[in-house]
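Given as structure tokens, the chain that follows is alone and in the form predicted alone.
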Amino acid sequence: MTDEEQYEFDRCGYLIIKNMLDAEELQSLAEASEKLLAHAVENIDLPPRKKSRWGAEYHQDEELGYHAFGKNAPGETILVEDFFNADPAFDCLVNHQRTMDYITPIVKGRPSINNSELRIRYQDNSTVMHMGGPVGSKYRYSFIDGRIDCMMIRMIYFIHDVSKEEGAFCVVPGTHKSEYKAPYYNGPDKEPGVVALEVKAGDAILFTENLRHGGVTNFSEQTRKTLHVGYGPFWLKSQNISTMDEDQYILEKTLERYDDEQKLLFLSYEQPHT
């Protein structure tokens, strides 16, 4: 993370990172995402079920180890959480070197992964604007001892181009530092200050969860697919909706694929001294 990038992240609350994924990673992740989505659509209404603390009821897939919620229909969205369990193709994002070059300077101490979701947005779907301003300690943004100190940040990886018309991720820059809660409730397409962030396949967007953000309406016929990975200090539990504030849902057979540094990204306790 360059000095210029740190300045812009602190000023705006987000960064667009061009060509985060190489061609091989992009192709592999796109194919795995399509495969996982097809499986989730087929099984999303079936048991076993898990009710989250926020009320949503998820399909908990015993075969592939993911949680899924939503509808395959215009105006709707599907979330497939814990995708790391589902396919080794996603392993390239675990301790991804370019990603960690951005994460470690802005998370104090040892970071861990607390969120993983394949987010699907169908035609006419939008994502309500949320966060920004005072959001409580869990998602706060701070500058302490001469460095950025984020409680939760996300990296969104784009496996296809996304224009504004195709439902771009959107932000209100600088709101991670606001002392006021947003007074607007008129949606991402009309809220003052909203900026739609257009990207190309292979790009990524890094943002602090404290930033006000959402997704403008997808007016196209393209189904928008993105991969989200969230990071924070090692003691912050899962921030997936299905397992909110529980231990990260990572299967033993998944961990067996990882080296020691990768495993540490899923441990919500201090590494023992050796």
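As the structure is a computational prediction, the values presented were derived from the model and not from experiment. Note that residue numbering follows the sequence shown and begins at 1.
There is another form of this protein, the form predicted together with a small molecule, and it is not shown here; the text below is about that form.
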Between the options T127, Q123, N85, T99, which residue brings a heavy atom to within 4.5 Å of the small molecule in the model of the complex?
T127
So which stretch, 193-201, 114-122, 136-144, 99-107, is the one near the small molecule in the model of the complex (non-hydrogen atoms, 4.5 Å)?
114-122
Contact test, all of F169, E209 and G214, partner the small molecule in the model of the complex, heavy atom 4.5 Å:
yes
Is H39 part of the interface with the small molecule in the model of the complex - any heavy atom within 4.5 Å?
no
Just to confirm, K225 within 4.5 Å of the small molecule in the model of the complex by heavy atoms?
no
